[in-house]
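Below you will find one chain, with nothing else, as structure tokens; this is the form predicted alone, and questions on how it binds or moves follow later.
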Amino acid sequence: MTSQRPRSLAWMGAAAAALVAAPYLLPPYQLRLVTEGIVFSLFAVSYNLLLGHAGLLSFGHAMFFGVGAFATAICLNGLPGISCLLAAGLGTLAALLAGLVVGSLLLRVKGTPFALLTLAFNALFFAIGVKWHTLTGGDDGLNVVPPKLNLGLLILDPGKGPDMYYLTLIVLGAALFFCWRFTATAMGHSVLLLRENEERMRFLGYNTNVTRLMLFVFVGGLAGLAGSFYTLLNAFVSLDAISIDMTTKVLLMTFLGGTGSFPGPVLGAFFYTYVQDYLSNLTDNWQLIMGVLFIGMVLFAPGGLSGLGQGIASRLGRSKTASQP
């Protein structure tokens, strides 16, 4: 245990150094992919808190991502002089409110009815985006020009790749760390208890409806924050951000990475981002290949990439121990 701790700290230090040095080591396009991977990492982690930790399958998680994305764009276009961080904060707040409204209506259902209702609400939000053309731009989407962010000692320009990368790394990295700490709190443990034995949770005096609502609002806000930075990164948002395809994308990321561990969705988000980019440059049928890959992972590696990595590490550890005299 004591010998492993310095090794873990060394790995963490090396990873932190690599993240800080990324803009100086990577070409612009690769840096953009890393930034996009960070954005989708938070989106996937928020979904995993709902699915992996609470056992609530949702087919409508993109509605929060899209609300955050569109609310940020609307604030940037409609409120002159607003900072990009404030616009992202308002986008997150809009997603929180959407989570509160939708979650209040879904309190008493779970299982298949819950999943189908989240799908219905996602379709409703998508229809609002299509019909409310004057606000959302409809099929045309919304273009934005993220303003420079004055932090006193330095000025960050979201239009520049390295500046946007550092802004995303700091804000969304802090959100990811908060999510990780959340899983170790009393609220995080109560969410696990909600998944394992809801009846026992009620017997212990917990209000499971309130717990489910708090979690739903929380993950909605996290998805909205990811959507806000998605808008800042692309300087554009379209109906794709709130579509069923976006929910399918985050579901694939989460399952590919693995729902059994916190790093799994992060790994899945980066894996999906890079593999999709690589395959889309090779063929227009990249979605078919991703589908086959997903089926293969579900059948032969149900623990996802993180579970596969843990299994390999465990086997190597056992073989190393067995080889010692």
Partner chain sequence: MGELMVFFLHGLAYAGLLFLVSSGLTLVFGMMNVLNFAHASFYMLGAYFALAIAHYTNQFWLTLALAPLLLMVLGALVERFLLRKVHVLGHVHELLLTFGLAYIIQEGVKWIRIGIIVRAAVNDSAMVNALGINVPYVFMGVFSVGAGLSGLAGAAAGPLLGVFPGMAGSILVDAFVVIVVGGMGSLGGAVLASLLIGQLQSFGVLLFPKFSLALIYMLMALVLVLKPEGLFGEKS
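Keep in mind it's a predicted model, so treat the numbers as computed, not measured. Positions refer to the first chain, counted from 1.
Same protein, other form: the form predicted together with its partner chain, not shown, and the subject of what follows.
Enquirer: In the predicted bound form, which of 224 to 232, 147 to 155, 84 to 92, 245 to 253 comes within 4.5 Å of its partner chain (heavy atoms)?
Expert: Looking at the partner contacts, the answer comes out as 245 to 253.
Enquirer: When you measure heavy atoms, are P113, G291 and P302 every one within 4.5 angstroms of its partner chain in the predicted bound form?
Expert: Every residue of the candidate spot has a heavy atom within 4.5 Å of its partner chain in the predicted bound form.
Enquirer: Hey, in the predicted bound form, is L57 touching its partner chain, heavy atoms inside 4.5 Å?
Expert: L57: yes, in contact with its partner chain in the predicted bound form.
Enquirer: Under a 4.5 Å heavy atom criterion, is L79 part of the interface with its partner chain in the predicted bound form?
Expert: No, L79 sits far enough from its partner chain in the predicted bound form that none of its heavy atoms falls within 4.5 Å.
Enquirer: Just to confirm, L51 within 4.5 Å of its partner chain in the predicted bound form by heavy atoms?
Expert: Contact with its partner chain, yes.
Enquirer: A174 versus its partner chain, in the predicted bound form: is there a non-hydrogen atom within 4.5 Å?
Expert: The answer is no: A174 has no heavy atom within 4.5 Å of its partner chain.
Enquirer: Select from the listed residues L169, L124, L213, L97 the one whose heavy atoms reach within 4.5 Å of its partner chain in the predicted bound form.
Expert: The residue in contact is L124.
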